[in-house]
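In structure tokens, one chain follows: the form predicted on its own.
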């Protein structure tokens, strides 16, 4: 390589990962950021809920008044998000010595599409104990990748290696004995995870009723809360490893079901847990 070619190579821009492009925000005045939807994370009629959660969290992560790292994020999907630009207001409503509380609002035009609250904290070394136990499953590299659900584009942005509950396989309407899904998960192409990625991973499961009833019905997340148990260095140390994702409903009733989920490192550390309530229609 010539000196000129080497210099050009050294200064050439690095291609932005599709995830980083999707959550990219531009500051637009005090407490405000501008963003836009991207095709890579499009669901059937709007953006994938996980990417919306990640983008809202990203607004707080980028805010100049940010204190510490996120420990909790609650997202309420108030209405549809159309293709195109949107604005996020990230308001730090109270900052204490070691915790910080946020109100986050995503708007398109005059309409509020999504609201969220977040809690950030300064983590300190303390006594620690983990009672949750990672399921015993085959290694990620021993399992084939899962195919997508047409026309759901966002699934192509993830490498999923199903252990169980990959897709409904029984005759439609047949009740499955449980709604448990487990798969190994990472971004595609691989990307070192951060808090925004974890916020997105927490919503990477198809609706539990698809598995329980072995069929597809209108369904969508109404509210989701994610708890972050890992700090930034722990996430960075994962590199391009898969994480184990597990989700199961507890009750289906009167048009709504819940979903509890866990994200595990390959070494068995619980990285995050989440709980959401989902609307469904038969």
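Numbering follows the first chain given and starts at 1. All of these numbers come straight from a predicted model, not from anything done at the bench.
Separately, the form predicted together with a further copy of the same chain exists; it is not shown, and the next lines address it.
message = Would you classify residue 152 as touching a further copy of the same chain in the model of the complex, given a 4.5 Å non-hydrogen atom cut-off?
response = Taking the distances in the model of the complex, the answer for residue 152 is no, it never comes within 4.5 Å of a further copy of the same chain.
ask   = So in the model of the complex, does any heavy atom of residue 224 sit within 4.5 Å of a further copy of the same chain?
value = Residue-level check for residue 224: yes, a contact with a further copy of the same chain.
task = Verify the contact flag for residue 178: yes if a non-hydrogen atom of it lies within 4.5 Å of a non-hydrogen atom of a further copy of the same chain in the model of the complex, no if not.
result = Looking in the model of the complex, residue contacts with a further copy of the same chain include residue 178, since a heavy atom lies within 4.5 Å.
query = Taking the shortest heavy atom distance, is residue 42 within 4.5 Å of a further copy of the same chain in the model of the complex?
reply = No, residue 42 sits far enough from a further copy of the same chain in the model of the complex that none of its heavy atoms falls within 4.5 Å.
inquiry  = Only one of these stretches, 197-205, 153-161, 134-142, 103-111, has heavy atoms within 4.5 Å of a further copy of the same chain in the model of the complex; which one is it?
reply    = Of the stretches listed, the one contacting the partner is 103-111.
ask   = Would a further copy of the same chain in the model of the complex be within 4.5 angstroms of a non-hydrogen atom of every residue among 99, 125 and 231?
value = Every listed residue reaches a further copy of the same chain in the model of the complex, so yes.
message = With the partner left out here, which residues of 251-281 have a non-hydrogen atom within 4.5 Å of a further copy of the same chain in the model of the complex?
response = Read in sequence order, the residues that approach a further copy of the same chain (within 4.5 Å, in the model of the complex) are 251, 252, 253, 254, 255, 256, 258, 260, 262, 269, 270, 273, 275, 276, 277, 279, 280, 281.
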